[in-house]
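In the block that follows, a single chain appears as structure tokens, in the form predicted alone.
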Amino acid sequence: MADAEISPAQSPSNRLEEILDASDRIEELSDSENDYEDMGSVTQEEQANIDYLESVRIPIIDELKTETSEVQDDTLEVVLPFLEGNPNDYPLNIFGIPQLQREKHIAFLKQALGDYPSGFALLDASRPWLVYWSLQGLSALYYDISQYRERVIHTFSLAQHPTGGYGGGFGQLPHLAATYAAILSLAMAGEIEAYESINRKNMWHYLGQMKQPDGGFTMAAGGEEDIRGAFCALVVMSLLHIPLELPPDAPARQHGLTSFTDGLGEWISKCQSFDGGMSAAPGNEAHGAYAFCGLGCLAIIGPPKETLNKYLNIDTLIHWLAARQCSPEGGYNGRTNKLVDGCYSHWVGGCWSIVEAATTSDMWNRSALTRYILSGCQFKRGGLIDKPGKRADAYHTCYNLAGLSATQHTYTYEATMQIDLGGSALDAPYYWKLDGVHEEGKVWDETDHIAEVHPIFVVPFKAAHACRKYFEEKEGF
């Protein structure tokens, strides 16, 4: 990335002007407005940022130019002005980093819960996700979402399929992705009416149809078998306290399986790729989101220190996760030789709490990720984004905020408490606790603080615990 190196004396505003006027700017980064004002001469804060970025650059530069390396260089040229300066002219926190634009993001997410024009019809099957991303994003910003409870219940009462599970909307076939988002949304809505709207017996039978003879799960009847299905299924089962025993009509019973977790750990183990990452299915390419799904599965099955060390090569996993943090950007990419993307602030950044529970603490660069989110991922009109030059959406807003929360908080797993209490089916996620705010190297202040997020369920701790408690105390289905 030699072409991306600059002299500290060069003005960030001049660099930004050169980049935005470039005729050969790649299409991927030119799909939104760039109506930024000139930043003027270098300020003290900007110079400090420039010095920091120079200190974290990769010292070895590969001179071989490829299409991939050129796109990476172009991307860095677009991102750097936001990490060095403040093109959006946001107020700065005490560390000279743009403050979290809380009110703008709240307004954006509230709008995301509203009506959509006809052009968004193609997202009809994604309704459960739009609700979940928006509610979780608002919760992370300390916004009270109780006003949406009745709407959430009504929305998902229509999306619940008569045979179990949830589709994208009324009349749509059930799918584990939609079911996952629906259950998380109802858990966040809370209260008896929301819980009782879920047909747990039908859900039990539906999940039994997804269980496969090799231990994994399909995403839908006759659909693809991948690690998302396993994670979505276990999240739903854990929150709803669904029996581990497979229902009598589960096809996997014909192959000798009797439990939802039969063969699952071994199947997840096969999803670890040669380079240490986790893939969608055995033999596929490693991907950041699949890493979180795989680790999440194992952290639901049992204590992370036990399950991760049993089923995964931890050393190569750590190496792969660490390699996903881009330098000097500070954010994460999802695959080898891919570009930085704000959503992986959670999908990869969220893996570290689980990994640290199985190994040791302080294994990742929290401050670098914080810089990327606050400086590079806040859209001027509200919401958070993939990278500068992109538009905001609820997906990137939710997962950037989840990643920011992960940088700010430390979580520990209370294994001894689980042993003392005896435990119950898939109860491992309820022995996590907040261990305080992470202070070392912090570059955020109270104006940027995000609520704690459950490291497995990615909802507020209270929502997850209240949902599980209700169904644990309920007799039968």
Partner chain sequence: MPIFYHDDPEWSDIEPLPQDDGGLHPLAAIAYADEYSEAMGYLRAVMAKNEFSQRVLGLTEHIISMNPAHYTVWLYRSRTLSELKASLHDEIAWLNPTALKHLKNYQIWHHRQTIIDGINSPKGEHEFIATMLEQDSKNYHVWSYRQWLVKRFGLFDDKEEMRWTEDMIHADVRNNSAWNHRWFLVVGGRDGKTLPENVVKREMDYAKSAIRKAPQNQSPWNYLKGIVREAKLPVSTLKDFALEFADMRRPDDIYSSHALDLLADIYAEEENGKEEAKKALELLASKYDPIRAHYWNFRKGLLDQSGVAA
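Residue numbers count along the first chain shown, from 1. This structure is a prediction, so every number in the text was calculated from the model and none was measured.
Same protein, other form: the form predicted together with its partner chain, not shown, and the subject of what follows.
Worksheet item: Want to guess which of 393 to 401, 356 to 364, 98 to 106, 244 to 252 is within 4.5 Å of its partner chain in the model of the complex, heavy atoms only?
Response: Result for this chain: 356 to 364.
Discussion item. Is residue 91 near its partner chain? Define near as a heavy atom within 4.5 Å, in the model of the complex.
Written reply: Judged by the heavy-atom cut-off of 4.5 Å, residue 91 is well away from its partner chain in the model of the complex.
Item to complete: Using a 4.5 Å heavy atom cut-off, state whether residue 228 contacts its partner chain in the model of the complex.
Response: Output for residue 228 is yes: heavy atoms within 4.5 Å of its partner chain.
Item to complete: Indicate whether its partner chain has at least one heavy atom within 4.5 Å of a heavy atom of residue 284 in the model of the complex.
Response: Judged by the heavy-atom cut-off of 4.5 Å, residue 284 is in contact with its partner chain in the model of the complex.
Practice prompt. Considering only heavy atoms, tell me if residue 408 and its partner chain come within 4.5 Å of each other in the model of the complex.
Written response: The answer is no: residue 408 has no heavy atom within 4.5 Å of its partner chain.
Worksheet item: Is any part of 142 to 165 within 4.5 angstroms of its partner chain in the model of the complex by a non-hydrogen atom, and which residues would that be?
Response: Going through 142 to 165 in order - heavy atoms within 4.5 Å of its partner chain in the model of the complex - the hits are 148, 150, 151, 152, 154, 155, 158.
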